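Only one chain is given next, in structure tokens, and it is the form predicted alone.
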């Protein structure tokens, strides 16, 4: 038993010393290839995925983002929607939830192709030498509410379509303006989504708005890390379901010295990660669970990622020194 515990501790020590930046870089590439090109290899993981594996990427997708079928289901005529058809909606939501609870918002930080593209744009900005912009605390607080507004509209507008209040040309509303609809198919050579539909005034407005939002996504991601994640309704839905998730980000405030290293590396600029010394489950609604905060913390056991209550990656002085040394060797 003692030998087994020693080996387990050795594995944990090795994980805690890992170069998270390098690990995450390659993990994101593998996930991007899988979900943008997996369809070419007959991979199909269903239509209830908790991240932007875009349904408009017809041939390359390895699955479909849950928001697309959800909006289609909610836009059914009300008599059908509130009949046995509601069972299909509930089972679809359950499947989505089961996917989600495995990685929590780690789907955002490690899997989502749209998040990965934003990280690549940030890396390009750094190479060019352009500094990113920051938000004031009041602006930050206002931005965090936008995703919930979009989530509400994404649900209410399809319901309005089903009730005859809105035209079918406005559905699926979020997908029509989502940058993933244009950006992800472009990686497989399909640029057909970069068009304006003139079949009706509503279609014209929605598709034109989609092009504008995509342009904003590309420009915004260049000047602000993870810009679109502030407005992502999928992120809002994630947070509403996050309590039963298996992967959690925890903090021991008694060990925190408020050095601010975790806040400085946070792509989302979340101050609570450094300032809050009372909350144990420290993940907020804007967190993407990238775990950069854990990697950058120099205090043993202050921040940790746990899976089903078991620590899988935690801050250590030794790991911090090792990662810091690598950063200095590369001039970072």
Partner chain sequence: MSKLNLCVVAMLATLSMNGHCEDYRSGERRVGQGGRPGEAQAAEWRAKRGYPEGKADAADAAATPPVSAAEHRHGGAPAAASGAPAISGKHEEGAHSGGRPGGMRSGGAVWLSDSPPMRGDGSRSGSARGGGMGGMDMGGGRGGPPMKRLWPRVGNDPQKSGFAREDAEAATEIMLVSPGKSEGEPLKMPAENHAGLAFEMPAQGYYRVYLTNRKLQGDKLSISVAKAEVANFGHGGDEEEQARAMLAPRFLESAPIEIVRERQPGEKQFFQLKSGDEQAYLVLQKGLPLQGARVRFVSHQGWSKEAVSDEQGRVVFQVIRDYYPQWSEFQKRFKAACLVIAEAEAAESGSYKDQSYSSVRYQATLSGSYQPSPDDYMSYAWGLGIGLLIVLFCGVAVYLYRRRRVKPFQELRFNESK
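Keep in mind that what you see is a predicted model, and the values were worked out from it rather than measured. Positions refer to the first chain, counted from 1.
The same protein also has a form predicted together with the partner chain, omitted here; what follows describes it.
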_Only one of these stretches, 237 to 245, 148 to 156, 110 to 118, 194 to 202, has heavy atoms within 4.5 Å of the partner chain in the predicted bound form; which one is it?_
194 to 202
*asked:* in the predicted bound form, does residue 142 come within 4.5 Å of the partner chain, counting heavy atoms only?
replied: no
*Considering only heavy atoms, tell me if residue 102 and the partner chain come within 4.5 Å of each other in the predicted bound form.*
no
_Using a 4.5 angstroms cut-off on non-hydrogen atoms, would residue 173 count as touching the partner chain in the predicted bound form?_
no
*asked:* Using a 4.5 angstroms cut-off on non-hydrogen atoms, would residue 98 count as touching the partner chain in the predicted bound form?
replied: no
*the partner chain: the contacting residue among 283, 305, 64, 36 in the predicted bound form [heavy atom, 4.5 Å]*: 64
_4.5 Å heavy atom contact with the partner chain in the predicted bound form for all of 48, 76 and 223_ = yes
*Any residue of 143 to 168 that, in the predicted bound form, places a heavy atom within 4.5 Å of the partner chain*: 168
